[in-house]
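Below you will find one chain, with nothing else, as structure tokens; this is the form predicted on its own, and questions on how it binds or moves follow later.
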């Protein structure tokens, strides 16, 4: 077997679909959807561009696959263990505190907000938003709010989350100190959880 064939086989077996997806998500979180390029990602992963095609047809198929993976995993990351909290207000407060801490998932979400006209991004963001709104509405119903009030409060809570991402990750507003941030999160929770 030639050196070239060995290298290609080694790269093909070394990197999985998940590795490419994770690399794509890291790139999106750091630089946005527009920065995702096969050649740049291959360089970042330390392989040739040709090895990419063992797993994906093109950049769009990688983007779709990576975002679907993110969609499946990001909520599990935030909601892990939440169902074990019995008291509905305490459960909702814990969700607010978890969501408030900056995670790579939030940076990906903020990057996706910038490209809602992209045909892969728009339907995904619609699904994610719908699930999040349903979760919040259900949480407010569980604390005893009437359905219409619960839906309104869920929308307000979600709008606060998106606004916070826009201010911090998109518009680059000055960062709050750790103490100021914790006080802000507590204020949001107190305001939005009756």
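For clarity, a rigid core is taken as the largest C-alpha set superposing within 1.5 Å between two forms. Positions refer to the first chain, counted from 1. Keep in mind that this is a model prediction, so the values were computed, not measured.
Keep in mind that the form predicted together with the DNA is missing from the display, and what follows is about it.
Of the residues given (59, 44, 152, 131), 59 alone sits with a heavy atom within 4.5 Å of the DNA in the predicted bound form. Though the DNA is absent from this view, in the predicted bound form it lies within 4.5 Å of a heavy atom of just one residue from 144, 32, 50, 126, which is 50. Looking at 135 to 143, 50 to 58, 64 to 72, 153 to 161, the stretch with residues near the DNA in the predicted bound form, meaning non-hydrogen atoms within 4.5 angstroms, turns out to be 50 to 58. At least one heavy atom of residue 15 is located within 4.5 Å of the DNA in the predicted bound form. Although the partner is absent from this view, residue 36 contacts the DNA in the predicted bound form, with a non-hydrogen atom inside 4.5 angstroms.
Superposed on the core, the two forms barely differ at residue 153: its CA moves less than 2 Å between this form and the one not shown. Residue 55 shows a C-alpha shift of 2 Å or greater between this form and the one not shown [criterion: core-superposed Cα displacement of 2 Å].
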